[in-house]
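The chain below stands alone and is given as structure tokens, in the form predicted alone.
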């Protein structure tokens, strides 16, 4: 009789060391030539962590690039926003050294988009102009995205960062990553799943329908391009991850090459997009150790696909506090975002005048 096959668990076991291998400063030096130019600022001060964790969206003093003829009141002193929290309303935050490093990165790259150790504020992209989402040209832009994002809150909580580990370190160094900003064609973004050093699946990352993904020749070309890139540049070259990881990949316009956007743990916290982790588990079991067929590619193949976006902006549940609905009527997303920013500033100015 054939011997029984031991089917591995759906998810690999996690340790703090494995989790920390996915923070940006851990993997980027190894793969910098294959990724987007980036600057890492670490460690960040406890004061900056307190600022990110404080209630309300408000700017540290000196963060905004305001001309001398600005009509802002002296009490605002360029901070733009103040917190409504009684515990925070009298506390002033100021990060001149960090401001200088952000301005230096902006000068070097032209514009940046930020993230922390693991998470980017993609859910707050609507706070900046829709024509250039996540494009930051000042410290205030960076802070606005970070303070408006629910995603980056993950990186501030040790319980979330090390979820799934039997133990967790008491502290870890928070880092700010400033990546060179440029327009990205989201139709060419992919998420790739690797388990036990096998490339199992590739998913379209943007939940919109694009005609070209239905072309069989395109799908074959993309499968070959991604697999070749992975085999030549990643496979077996990152032992710290233990052979289990998810990487986000941006294809070039001709779909023949690409570069790494990010790495994520192979864990429930990482969205499997058009797969489920049970689907990927089945693919791992079918492939076994004897052969390595092409990974499975999944795309949004019609406008009626269950995962297709239907006239709703990404991360819409993170976008609008209920009280903001009073100024939303009849506006598009970009106009509404601008109106909300103006309303926040006006409200903070009124509070300052009352004081």
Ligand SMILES: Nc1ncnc2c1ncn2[C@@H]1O[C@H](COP(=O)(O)OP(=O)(O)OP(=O)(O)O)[C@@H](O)[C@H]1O
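Residue numbers count along the first chain shown, from 1. Given the structure is predicted, the values throughout are model-derived calculations rather than measurements.
One more form of this protein, predicted in complex with the ligand, exists but is not displayed; see below.
Using a 4.5 angstroms limit between non-hydrogen atoms, residue 172 is distant from the ligand in the model of the complex.
Though the partner is left out of this view, residue 195 does not reach within 4.5 Å of the ligand in the model of the complex, counting heavy atoms only. Taking the partner from the other structure, the ligand in the model of the complex has a heavy atom within 4.5 Å of a heavy atom of residue 248.
The closest heavy atom approach of residue 184 to the ligand in the model of the complex falls within 4.5 Å.
Picking from 232-240, 139-147, 120-128, 217-225 the stretch near the ligand in the model of the complex, with a 4.5 Å limit on heavy atoms, gives 120-128. Checked against the ligand in the model of the complex, the candidates 264, 208, 153, 256 yield a single residue with a heavy atom inside 4.5 Å, and that residue is 264.
Highlighted residues 36, 115 and 180: every one comes within 4.5 Å of the ligand in the model of the complex, counting any heavy atom. Contacts with the ligand in the model of the complex, taken as any heavy atom within 4.5 Å, map to no residue of 214-231.
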